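Just the one chain here, laid out as structure tokens, in the form predicted alone.
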């Protein structure tokens, strides 16, 4: 096992890393700052980025920063079930017994949000992930569902997260009622070449590495192959550590990276 070969205390580049141990890249901090702004302002926000950019981790970090006595977080990835399942899920999470008709569900959700805010003094936070998969009718529904007192108040936080083309879709005329109410937009960009090096070094230290294991040429190869996307960096580095330990290489060089990339099918 590569952990013992490289004298690591933890598995590096793990999905389970705690937000406090995250690498503080420019865009990670930018995403959190944008989400904090939305927290203070309330209303609707948009967080987008390519696959593996770190959207879900940023959302998890934001969720973990919220006081559970003041905020009730409802996370719903759009890939899990149909649209009516989504509406029923929202009603249930708000403490309601879901109705069957769509119009009744809308009323339940709005009343549940108002009760949570006014009676319990808790702000509901809705995180809707994979929204690039949403049908036009669903996006249009959101503009109606999250309209309170003729759009005079926002007793909620709604985060729409997805791939970059979600932003393009929202520019279409039939989505203007929703787009005009989005008060925060942030697109996560890949890590820079310097940040790739810092990212790898940071995660190896978090895992317990006492000295550098990846050579500069290896890091350069990772930066080129991954184009700075964290998930791809994770895949390459883990594969290279496996190869390195199997070949008894104390240092990971560009040749090990090449083997790892070929094995991962990333070339």
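The structure displayed is predicted, hence computed values, not measured ones. Residue numbers count along the first chain shown, from 1.
There is another form of the same protein, the form predicted in complex with a small molecule; it is not shown, and what comes next is about it.
- In summary, the region of this chain contacting the small molecule in the predicted complex, judged by heavy atoms within 4.5 Å and restricted to 217-225, 35-43, 66-74, 195-203, corresponds to 195-203.
- In the predicted complex, the small molecule lies within 4.5 Å of some heavy atom of residue 17.
- Among residues of the shown chain, residue 239 is not one whose heavy atoms approach the small molecule to within 4.5 Å in the predicted complex.
- The shortest heavy atom separation between residue 62 and the small molecule in the predicted complex exceeds 4.5 Å.
- Proximity of residue 256 to the small molecule in the predicted complex: non-hydrogen atoms within 4.5 Å are absent; the residue sits far from the partner.
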